[in-house]
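The chain below stands alone and is given in structure tokens; this is the form predicted on its own.
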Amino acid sequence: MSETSQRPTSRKGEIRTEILSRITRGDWPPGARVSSEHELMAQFGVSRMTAHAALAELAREGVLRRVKGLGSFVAPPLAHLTVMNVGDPAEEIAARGALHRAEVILAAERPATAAEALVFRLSEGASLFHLVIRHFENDAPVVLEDRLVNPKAAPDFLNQDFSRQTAFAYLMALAPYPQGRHIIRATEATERLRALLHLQPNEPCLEIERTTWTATCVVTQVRLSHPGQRFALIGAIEPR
């Protein structure tokens, strides 16, 4: 969920939408080979650079797995461990005895892409609220929060001052006990993340993706990116 994401009107966006749609419909199950660069060039009338960029972007997002000399394949479901209690960045920073500060980078309403519409169970182009915030711990950037919110669940979301109250706290006040899931993955940092999180050369990111919903709708999806060398997930082992 990049702050520059828009409804795909570019040729690269059209290719992404087509590939994601075919995967979602089951035309290409996990392990299936998707259209090659040359096939996409012929189908969409684009340059090889555009076809390559679309496939490479989906590979970076973990949707596809690229094998040199063989092509691009639908990535298998990720192996996973259940991790609980991913919470409010401000509370977690305060619990470490540090000072929290938040910088709002983006707060805007925009149309949902095809992939985002699937997550929120909305029509492509439906309105979503997009919030990007950088969280600081003692003036060092430690979390980049990139969040989408369903306006039906929080119609006044963009009217809040998120430099004073976190989006997590505001949404939890509206829906105190939502259902949800976490996905945690190691990612290669983009140039944007390197700049915003002050990453060292070749330092990876630890990304936590959280989607929460109520009985009536998907409320929010957020990606929390952390510096890989300055962040750890710690849990407790408790008796059953």
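For every residue, the number given is its place in the sequence shown, counted from 1. Definition used throughout: the rigid core is the maximal C-alpha set that superposes within 1.5 Å between two forms. From a predicted model like this one, the values you see are computed outputs, not experimental measurements.
The same protein also exists as the form predicted together with the DNA; that form is not shown, yet it is the one meant from here on.
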item	value
Full three-residue contact with the DNA in the model of the complex, heavy atom 4.5 Å, for 113, 152 and 172	no
Which of 22-30, 44-52, 197-205, 180-188 lines the interface with the DNA in the model of the complex (heavy atom within 4.5 Å)	44-52
Touches the DNA in the model of the complex: residue 67 (any heavy atom, 4.5 Å)	yes
Touches the DNA in the model of the complex: residue 12 (any heavy atom, 4.5 Å)	yes
Residue 36 within 4.5 Å of the DNA in the model of the complex, heavy atoms	yes
4.5 Å heavy atom contact, residue 71 and the DNA in the model of the complex	yes
Core superposition between this form and the one not shown, C-alpha change of residue 224 at least 2 Å	no
Rigid core fit then residue 37 CA moved by 2 Å or more between this form and the one not shown	yes
C-alpha of residue 215 moved at least 2 Å between this form and the one not shown on rigid core	no
